[in-house]
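Okay, so here's just one chain, in C-alpha cells, the form predicted on its own.
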Amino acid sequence: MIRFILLQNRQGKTRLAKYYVPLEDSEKHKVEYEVHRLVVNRDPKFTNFVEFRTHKVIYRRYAGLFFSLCVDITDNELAYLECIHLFVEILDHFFSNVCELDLVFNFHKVYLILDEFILAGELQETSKRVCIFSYALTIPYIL
C-alpha cells in the first residue's frame, strides 16, 4: 500500500503531497523534510529504493523534480518505479512536456489525474492508453 506521494523540487519545496494514511500537520512537514534530505543527498549510482522508518521510499528524479512514494516494506519496488514513470508519461501527455510550473498552476488537474490513477493507496490502472482516455473524458468538466 502507498503511504504517501511527494513531488518535490531540488530546494525541498513540496509541489504535490498526497497522504493515504492519517498524519498530523507537524508530522507531514517532518516527513517531507526527511524524505527530501534522504533522496537529494543520495548518490545517483545507488538504487532508487531506500528504507525510511518502517517503510520504503521509492523515488525517481525527472529534471528538477523528485517523485517519491512511500510504500510498505514488502511491496514490489520495480512495480512502483514503473508507476512513477507511468504517472510522468500521463502528465507529459496532458501538459505536453510537463514542468514544475505546470504542477504549480494546474494543481487541481494533477490531483484529479492522481486520484483516478491511485485510489486509497492502491494502483488502479496500469495502461497508459486507458488512463489517457479516462482522463480526457473527465478533465474538460473541471476547467
Partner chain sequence: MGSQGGIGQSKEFLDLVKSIGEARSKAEEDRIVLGEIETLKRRLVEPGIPKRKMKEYIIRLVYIEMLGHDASFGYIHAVKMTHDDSLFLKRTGYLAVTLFLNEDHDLIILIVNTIQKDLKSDNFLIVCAALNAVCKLINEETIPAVLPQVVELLGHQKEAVRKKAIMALHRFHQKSPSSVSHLVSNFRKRLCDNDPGVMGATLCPLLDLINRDVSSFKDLVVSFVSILKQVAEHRLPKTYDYHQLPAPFIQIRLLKILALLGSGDKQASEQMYMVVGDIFRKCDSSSNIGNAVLYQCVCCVSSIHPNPKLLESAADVIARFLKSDSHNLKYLGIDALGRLIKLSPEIAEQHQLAVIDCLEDPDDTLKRKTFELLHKMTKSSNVEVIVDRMIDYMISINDNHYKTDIVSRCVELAEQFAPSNQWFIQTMNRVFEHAGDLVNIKVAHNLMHLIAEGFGEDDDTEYTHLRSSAVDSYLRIIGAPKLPSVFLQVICWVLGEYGTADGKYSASYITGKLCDVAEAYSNDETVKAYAVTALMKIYACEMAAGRTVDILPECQTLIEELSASHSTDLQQRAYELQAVIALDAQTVENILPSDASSKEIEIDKNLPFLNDHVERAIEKGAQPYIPESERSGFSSASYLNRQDLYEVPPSHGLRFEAYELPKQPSVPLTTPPVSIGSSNELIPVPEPTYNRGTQAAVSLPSSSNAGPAEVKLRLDGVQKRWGRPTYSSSSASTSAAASQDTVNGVTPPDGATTVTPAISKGRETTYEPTRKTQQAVEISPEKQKLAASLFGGSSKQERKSSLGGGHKTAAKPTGGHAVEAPAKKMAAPVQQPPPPDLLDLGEMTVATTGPLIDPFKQLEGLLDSVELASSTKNHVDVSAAKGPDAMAFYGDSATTVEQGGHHFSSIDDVDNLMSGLSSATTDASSGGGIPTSQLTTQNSKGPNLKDALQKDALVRQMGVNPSSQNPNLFKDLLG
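Numbering follows the first chain given and starts at 1. Here the structure is a predicted model, which is why all the values come from computation and not from measurement. Here the rigid core means the biggest group of C-alpha atoms that line up within 1.5 Å when the two forms are laid on top of each other.
One more form of this protein should be noted, the form predicted together with its partner chain, which is absent from this view; the next part is about it.
- Taking the partner from elsewhere, A79 is found to have a heavy atom lying within 4.5 Å of its partner chain in the predicted bound form.
- Contact check for R15: a non-hydrogen atom falls within 4.5 Å of its partner chain in the predicted bound form.
- Taking non-hydrogen atoms only, C83 approaches its partner chain to within 4.5 angstroms in the predicted bound form.
- Interface residue remark: K128 is counted as part of the site for its partner chain in the predicted bound form, having a heavy atom within 4.5 Å.
- Counting a residue when any of its non-hydrogen atoms is within 4.5 Å of its partner chain in the predicted bound form, the hits in 77-114 run E77, L78, A79, L81, E82, C83, H85, L86, E89, H93, F94, F95, S96, C99, L101, D102, V104, F105, N106, F107, H108, K109, Y111, L112.
- Relative to the superposed rigid core, V130 undergoes a CA displacement of at least 2 Å between this form and the one not shown.
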